[in-house]
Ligand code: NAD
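Shown here is one chain on its own, the form predicted alone, set out as structure tokens.
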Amino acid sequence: MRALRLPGWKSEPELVEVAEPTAGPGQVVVRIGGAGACHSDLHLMHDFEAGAVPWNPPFTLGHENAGWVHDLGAGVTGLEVGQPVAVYGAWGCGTCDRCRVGVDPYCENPAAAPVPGGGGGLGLDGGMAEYELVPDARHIVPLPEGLDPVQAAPLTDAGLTPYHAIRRSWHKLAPGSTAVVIGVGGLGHVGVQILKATTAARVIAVDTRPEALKLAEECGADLTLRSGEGTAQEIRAATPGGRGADVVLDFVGADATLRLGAAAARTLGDLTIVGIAGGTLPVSFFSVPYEVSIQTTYWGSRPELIEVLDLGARGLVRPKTTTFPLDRAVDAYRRLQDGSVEGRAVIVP
């Protein structure tokens, strides 16, 4: 079968022929219907080097996958060949306290995981191929009626990651509250939709690109702002009494966006860093508003993925997608890098 593989750190992916996988005991092979191209894959190609993470190339890219059950290993129950499914992408040990409740990204026994801190497309073979081997059936989530694999694939990361970040702050997003989304790209535009679908907050979207702000409006943002020197003041001016944003979600994570988030946050607010652009934010007693919580998040849980897929099936959250055939997957990443992909790029083998 064909697969898009990363041969080494700081290298371009290659479309090559590899053996078709077969399911061993407890495993599932998924025929891929859609595989999302994530901006974090660009970091794997261009920025990471040996020692940055506890795994190394070569491996097939694609950690955002959905399709149909193709092969079931011995002992797998509750699934049928041909059934449409999503793949939960973080693969932990399965036995620690975190994994047992479905929070594999925060696995506390990584030495026993299939690949420490990773999963399919992150150290092990992912879904940028005709088939993907999933090492444990617990990572398979049946798709609800009305949601096909091309729509579902980006929800497994571009939907799940912002959903987890927003869900942890639901108690601060009551009527009268304000949420700010910084960066309206593949994850940020879905974050706007999730905020509108699951909270009563007024949503302000911030980006440097006019086309991104237009997309934010289409996704339901109440106000869009072009990022610049006075953006923090504009955000505060748009909140009751100029008090600032109750929740700021930074989908970029650069120095400038972190400073913006801290400057725009309300006392007792949340500043959640989702983007991995490598920025830093000096924190001291007087550098941020009192009792602002600053945290990072990584992906989300299996139970949360089930909730996200339900939102997708009901039409409340629909990532904007641009599809590419597998033989144009490299082109999809090039367009992702130059910023010409609107929403999420999805590879359809």
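Remember, it's a predicted structure, so these values are computed and weren't measured experimentally. In case it trips you up, residue 1 is the first one in the sequence shown, and so on.
Heads up, the form predicted together with the ligand isn't pictured, but that's what we're talking about next.
Q) Counting only non-hydrogen atoms, which stretch in 271 to 279, 89 to 97, 128 to 136, 172 to 180 is within 4.5 Å of the ligand in the predicted complex? A) So the stretch in question is 271 to 279.
Q: Give a yes or no on whether each residue among Tyr163, Glu304 and Pro319 has a heavy atom within 4.5 Å of the ligand in the predicted complex.
A: Heavy-atom distance to the ligand in the predicted complex: none of the three under 4.5 Å.
Q.
Between Leu309, Val28, Leu61, Cys38, only one gets a heavy atom within 4.5 angstroms of the ligand in the predicted complex; which residue is that?
A. Contact residue from the list: Cys38.
Q) Is there a non-hydrogen atom of Leu326 within 4.5 angstroms of a non-hydrogen atom of the ligand in the predicted complex? A) Residue-level check for Leu326: no, no contact with the ligand.
Q) Does Ala153 reach the ligand in the predicted complex, with heavy atoms at most 4.5 Å apart? A) Heavy-atom contact with the ligand at 4.5 Å: absent for Ala153.
Q.
Can you work out whether Gly119 and the ligand are in contact in the predicted complex, taking contact to mean some heavy atom pair no more than 4.5 Å apart?
A. Answer no; every heavy atom of Gly119 is more than 4.5 Å from the ligand in the predicted complex.
Q: With heavy atoms only and a cut-off of 4.5 Å, decide whether Thr257 touches the ligand in the predicted complex.
A: Result yes; Thr257 sits at the interface with the ligand in the predicted complex.
Q) Judged by heavy atom distances of 4.5 Å or less, which residues of 204 to 243 approach the ligand in the predicted complex? A) Residues within 4.5 Å: Val206, Asp207, Thr208, Arg209, Ala212, Ser227.
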